[in-house]
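The form predicted on its own is given below as one chain in structure tokens.
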């Protein structure tokens, strides 16, 4: 087990940032409720379960579902533990964008588009599981190694390929899960007080249920994953003639323009990302639309700035001509994005023809993938 004594590094007084924005979004119509007070109470209760920013721990009474040795390595200030093992890996690589609490409010967050993810909502975009399900460790690992092309999220492949830092990726996967679980529990504690009327000081039995629910959802992630799709032989083999090539493109184009997929609604008729439908992601709607705030009106959303809100920005559909796909540009990754959607964004899953349900067959889905990939570098 890793030691906890820091070597060559002074004590840290930093704390998790209470989720005041979530509390404020739930108390906007209640003038008699102080969101800061409620958020601070929820943060204190959550700390009782998960420990502090520098000394995290796993809630007692629950089976340890993340490797706390990895969590301890990632948490706290950058330095060395008593056994000379490096510590503060998350603070070293990730806090500039994602913030100490994993709230997406790092020092440069307001300068980026899209904004860094707030892990506390427990929502992740690029995964192999359906909407409403958690990502697997492999999904988080892929995002860290590959990065998210077209955004500020870089690839950390160099860490994995380094003999000295090879363990950092696996440890960061564990810590991101830890931050997400902790953040979800904190959000649920806030809602417990505001929506169910249960005082946080007397909520331990209900909180035990919430802890089990949150952790249980993460435990089911591997079994929920979509089996790795393989492109058919015709997809990966060069067409024997131009006619076949054009046939697949034409079929894919017809799927792209169909009402069943509604691709043109957001991505436009040419795939340039200029469709008529433009919307916000769920992180933004969480504190605007769900709180009765119109994100298009600065006079409304600016009232939430003191609680940590950033200027609402539209979730822009991909311009396929750029050839840059946030979730990866391989045929298999594009297939998954189509059939699973991109959780937390306006991108929905395309219905798949299974068990007599209406939708696209796998053959038709691969034709759609072929067409989307064909659009690269075409204007």
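Note that the structure is a prediction, hence the values are computed from the model and not measured. Residue numbers count along the first chain shown, from 1.
This protein has a second form, the form predicted in complex with a small molecule, left out of what is shown; the following refers to that one.
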query: Pick from 190, 144, 71, 180: which residue has any heavy atom within 4.5 angstroms of the small molecule in the predicted bound form?
result: 144
- request: Note which of 102, 116, 271, 76 lies within 4.5 Å of the small molecule in the predicted bound form, where distance is taken over heavy atoms; exactly one does.
  value: 116
- request: Could you tell me if all three of 129, 134 and 214 have a heavy atom no more than 4.5 Å from the small molecule in the predicted bound form?
  value: no
- line: Note: the small molecule not shown here; in the predicted bound form, the stretch from 44-52, 26-34, 321-329, 57-65 having heavy atoms within 4.5 Å of it is 321-329
- prompt: Might residue 251 be said to contact the small molecule in the predicted bound form, defining contact as any heavy atom within 4.5 Å?
  reply: no
- prompt: Does residue 301 make contact with the small molecule in the predicted bound form, using a 4.5 Å heavy atom cut-off?
  reply: no
- request: Verify the contact flag for residue 310: yes if a non-hydrogen atom of it lies within 4.5 Å of a non-hydrogen atom of the small molecule in the predicted bound form, no if not.
  value: no
message: Given that the small molecule is not shown alongside this chain, does residue 285 nevertheless sit within 4.5 Å of it in the predicted bound form, heavy atom to heavy atom?
response: no
